[in-house]
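Consider the single chain below, provided in structure tokens and representing the form predicted on its own.
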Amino acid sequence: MKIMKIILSLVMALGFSLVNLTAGFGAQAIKLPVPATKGTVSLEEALQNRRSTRKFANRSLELAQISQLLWAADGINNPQGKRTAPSGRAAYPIDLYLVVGERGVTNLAPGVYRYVVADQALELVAPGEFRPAVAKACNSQVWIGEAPVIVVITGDIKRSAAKNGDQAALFTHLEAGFVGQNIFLQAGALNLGAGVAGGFKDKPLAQALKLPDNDTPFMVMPVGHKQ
């Protein structure tokens, strides 16, 4: 117990914003900046300008931009825990994984992170450069690995089935679509580019991201500054 307290003190002294250190000195959760609920681009403008981007500038994103994108995708938007994307019977089977490349996000090490909705935070799944592995799993589409970050939308149909029964698969796929469109629109409002890839090999992608057994990847969305 004393050792854990010493480690926590050292970590905080180094300037990390941590909200959780789990058993076995496991994954650290990095608190994200508070997302904005008002912007300078109207919904109509975001819709008018929505395009899929396949070429990205060699420029890092900021944590505030990451926070805004993930919150817009599926974050909490009211005190009762409701979210920005609709969910059948509030089952919330969707998870978001962020693949961060070298110099992809300022002050964030490369690796695979899971978005922790309740805490508006990122939980480190695995450190390192995983963009090439994701691109390879996406039928070796080179442009995917050139984005500074990649958002992977996954779903746990069993989680949905507890409330939605035989309609669980349908509802989970619909929800993934809502989340993906939210990312597109928020990226546009931030003057960022986003693309989407639905062509990938499930098992290699799941292995690259170290997904839990019940999580199925639905959509791969590279995001970055437009070239």
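Just so we're clear, the structure is a prediction, and the values are computed from it rather than from any experiment. A residue's number is simply how far along the shown sequence it sits, counting from 1.
Below: the form predicted together with a small molecule, not depicted.
Student: Would Ala46 count as touching the small molecule in the model of the complex under a 4.5 Å heavy atom rule?
Tutor: Result no; Ala46 lies far from the small molecule in the model of the complex.
Student: Is it the case that Lys163, even though its partner is missing from this view, gets within 4.5 Å of the small molecule in the model of the complex, heavy atoms only?
Tutor: Contact check for Lys163: no, nothing within 4.5 Å of the small molecule in the model of the complex.
Student: At 4.5 Å between heavy atoms, is Val196 in contact with the small molecule in the model of the complex?
Tutor: Val196 belongs to the contact set for the small molecule.
Student: Within 4.5 Å, heavy atoms only: does Lys55 come near the small molecule in the model of the complex?
Tutor: Lys55: no, not in contact with the small molecule in the model of the complex.
Student: Any idea which of 73-81, 117-125, 95-103, 139-147 reaches within 4.5 Å of the small molecule in the model of the complex, heavy atoms considered?
Tutor: Answer to the contact question: 139-147.
Student: Between the options Lys158, Arg59, Lys201, Arg50, which residue brings a heavy atom to within 4.5 Å of the small molecule in the model of the complex?
Tutor: In short, Arg50.
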